[in-house]
Structure formats: C-alpha cells, structure tokens
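Here we start with a single chain on its own, the form predicted on its own, put down as structure tokens.
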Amino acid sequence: MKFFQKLSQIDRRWIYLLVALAVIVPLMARMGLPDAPGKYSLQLFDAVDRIPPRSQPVLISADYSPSMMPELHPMFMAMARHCLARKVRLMVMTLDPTGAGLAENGLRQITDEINARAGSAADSAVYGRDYVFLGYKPGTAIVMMSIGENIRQAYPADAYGTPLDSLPMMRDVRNYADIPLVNCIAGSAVLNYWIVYAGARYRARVGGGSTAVSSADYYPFLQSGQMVGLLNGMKGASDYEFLNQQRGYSSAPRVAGKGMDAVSIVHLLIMGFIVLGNVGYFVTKKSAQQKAGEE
C-alpha cells in the first residue's frame, strides 16, 4: 500500500528519464533481443532467395524520401545485400526525386563492402554485370507502363548516361517478362501503382516494403496473391536483416534490429507503467473504501 502511494507521488521527470534511457541504451549497444520474422517478410525473402544467381535481374524501386529513412532505408539495404551476396542481378530505380541519392549511396556502400572482401573478380560486385542504377524518372504510372512495353522507353540509358544495351546484364532485359520480381519500397501510395500497373496490367510479381502506418492497406493484396510479400515498417526491415545473417548472406550491423530493440524495450516499459498504475489505482481505491467503512 505504501509502495503504491509513493509511486503515485513520484516526479514524472524520473519516468521521462527511464523512457529516454530505454531508447538510448539499445541504440548505443545492440541488445540482441530475439527476432521472429513475420509471415510476409519470410515470403518476400524466400521469393528473392529462389531466383537463380546471375540470371534475370530483380528490380528495386526506392520510392522514399529522407524523412522515411529510419523505416525504409534499412529495407533497401538488406534486400540489396541479399541480392548481391547471392549474385542475383539487381536493377535499382526511383520514382521519388529525393530517393536517387539515398539509393545510390546505399548501393555504393554495399558494393564497397563486397569488393573489400572479394577474393577474385568473380566474387566482386561489378557495375553493369551484377547491378545497374537507373536513377530517377518522373511520371509514376507512365514509367511503370513504359517498362511493361520496353524498359528502354523509360530508361534509354542508366543514371550515368550509359546506353542500356552497353551494359551486359541489360541486353536481354526488355520488360516485366524478363524481371522475376519487382520490389517497391515506399512510404506513400506509389506501391499501389506498382500493384495496379506492373502487377495487374503486366502480370509482374510485386513485393514491397512500407511504413508501419501504411502496411495494413496492403494485406488484402497479400491475401489475394497480388503481392508476393511485404516488409512492415522497421519490424519488416529487422526481419530481413535477421534472415540475411541467419542464412549467412551478411554480417553487416543490423540497423533496424537496433531500432526494434529500442521500440521493444520502450513498449515493455510503458506496459509496466500501465500495469503498476492500474494495480495502484485499485489498491488505493480498496483501501479508501475500507477506511470509509470503518468510519
């Protein structure tokens, strides 16, 4: 009883301090909390994992801006690492003008990591052979439909001005029929466009990643089979990082994993506060009723 009375009088600044520590400590030091990948994260990972090495390329459209980086950029990094580690050819584009720099920097970081460890030219990530950066193109739906007819209508050259036919991995790529999987990572409705135009119109296999607040919009598409899988916010990014490490495709630090540690600890702390607050309320209420009855 005295414990709950003291607890109700605690300075709220101590609570704010505990919450701050619950966020900062997991971000500073990886706690390694257990991860159980979700169903749709596994489906997307497995879809990429089944694509034969050095065959047809996967397309990733990095349709997000810097404001969405904490949730979405780790998805892009994890998926690109998975593809390049397995020697699955990779095309990267964006329909967001601010996404080009993010995707290009991410690709550069990953390829530098791979090439630093490569023991031979076959193990390295070579531009034009293993990956291509197409860059930004305006006109969302028009770009998607142009790729469905002939990718050269939308991208006659890559982001650096090199004609697609000059890039070895692009010579046999004409449209979605030559792309086994299209992945859109977006925090806006652009993923809906990929499902409608690339998926429904041109029969492309579409997967994706979205912010947690938007993910519920895509469950009907997953249940109907119009999407092969989905990464749900930071949890989805953490799932993909975990699967990469579990299968031996990456040893890079788990950025989203750290974020999920912080989220999990804060949620547990808040749940603890809620439980203590409710127990304290009922205990003090019962005590007050007993005192009133004695009087």
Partner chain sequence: MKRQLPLMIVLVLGIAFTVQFFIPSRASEVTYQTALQWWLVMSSFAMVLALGSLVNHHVLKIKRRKEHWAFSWVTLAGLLVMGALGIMGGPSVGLRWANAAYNQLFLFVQAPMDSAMFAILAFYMASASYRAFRARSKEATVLLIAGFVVMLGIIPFGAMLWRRIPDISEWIMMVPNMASKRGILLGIGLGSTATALKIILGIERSWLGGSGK
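Residue numbers count along the first chain shown, from 1. Since the structure is predicted, the reported quantities are computational estimates derived from the model, not experimental observations.
Keep in mind that the form predicted together with its partner chain is not shown, yet the notes after this line are about it.
Colleague: With the partner left out here, check for me: in the predicted bound form, does some heavy atom of residue 101 sit within 4.5 Å of its partner chain?
Modeller: Looking in the predicted bound form, residue contacts with its partner chain include residue 101, since a heavy atom lies within 4.5 Å.
Colleague: Does any heavy atom of residue 267 come within 4.5 Å of a heavy atom of its partner chain in the predicted bound form?
Modeller: So residue 267 counts as contacting its partner chain.
Colleague: Given that its partner chain is not shown alongside this chain, does residue 40 nevertheless sit within 4.5 Å of it in the predicted bound form, heavy atom to heavy atom?
Modeller: Yes, residue 40 lies within 4.5 Å of its partner chain in the predicted bound form.
Colleague: Taking its partner chain as it sits in the predicted bound form, is residue 53 in contact with it (heavy atom to heavy atom, 4.5 Å or less)?
Modeller: Close contact is absent here: in the predicted bound form, residue 53 is far from its partner chain, nothing within 4.5 Å, heavy atoms only.
Colleague: Taking 4.5 Å between heavy atoms as the contact cutoff, choose which of 84, 195, 145, 169 touches its partner chain in the predicted bound form.
Modeller: Contact residue from the list: 145.
Colleague: Of 123 to 131, 76 to 84, 110 to 118, 154 to 162, which is the one stretch near its partner chain in the predicted bound form, taking non-hydrogen atoms within 4.5 angstroms as near?
Modeller: Contact criterion met by 154 to 162 only.
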